[in-house]
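Below sits a lone chain in structure tokens, taken as the form predicted on its own.
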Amino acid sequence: MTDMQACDATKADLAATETGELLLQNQVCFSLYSAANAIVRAYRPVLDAIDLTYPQYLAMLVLWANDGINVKDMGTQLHLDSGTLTPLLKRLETKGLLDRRRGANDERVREIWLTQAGKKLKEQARDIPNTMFCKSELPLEELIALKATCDKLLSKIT
């Protein structure tokens, strides 16, 4: 059976059920949306302690792994366009966590570099992944499988 045949068969099964395909509780997208919102809310108190929002934390994760990354590459990793990423980076720069500079080889390129405060913040953030793992109360294997499924879904729809 091809993917399209399987998709058509699943669609027919959903249409034949009493609940139908347009009920909220049947939507994978709603489960993903609700879970993502719950995760961001769960991160909030942990990130408040280091004065970061969730999107700022994600940007710092990229920067801690890639000091000196250019804005375009960071946007690619975060799946954000420059219109969303630039204000976020400006706020982090205002907090003294990073410097935005012109590229040494190409002045059109903007590079992002950690400041000493940004490097120091990494130490404060070191326990966040484990804290969130404990909050999830899910076995590591399930979280790894969930991440793999989400990554696969993202690759299919983008």
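We number the residues from 1 along the sequence you see. As the structure is a prediction and not an experimental result, all values here were calculated from the model.
The form predicted together with another copy of the chain exists for this protein as well; it is not shown, and the discussion that follows is about that form.
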- [ ] May I ask you to check whether Asn26 falls inside a 4.5 Å heavy atom distance of another copy of the chain in the predicted complex?
- [x] yes
Open item on the list: Quick check on His79: any heavy atom within 4.5 Å of another copy of the chain in the predicted complex?
Closed with: yes
Task: Contact label in the predicted complex: Thr94 to another copy of the chain, heavy atom within 4.5 Å - done: no
Task: Interface membership of Ala65, another copy of the chain in the predicted complex, 4.5 Å heavy atom rule - done: yes
Task: Check all three, Leu89, Arg108 and Gln116, heavy atom within 4.5 Å of another copy of the chain in the predicted complex - done: no
Task: Among the candidates Arg102, Arg126, Arg44, Lys120, the residue which, in the predicted complex, approaches another copy of the chain to within 4.5 Å (heavy atoms) - done: Arg126
- [ ] Give, in sequence order, every residue of 133 to 154 that has a heavy atom within 4.5 Å of another copy of the chain in the predicted complex, or say none if there are no such residues.
- [x] Phe133, Cys134, Lys135, Ser136, Glu137, Leu138, Pro139, Glu142, Leu143, Leu146, Lys147, Thr149, Cys150, Asp151, Lys152, Leu153, Leu154
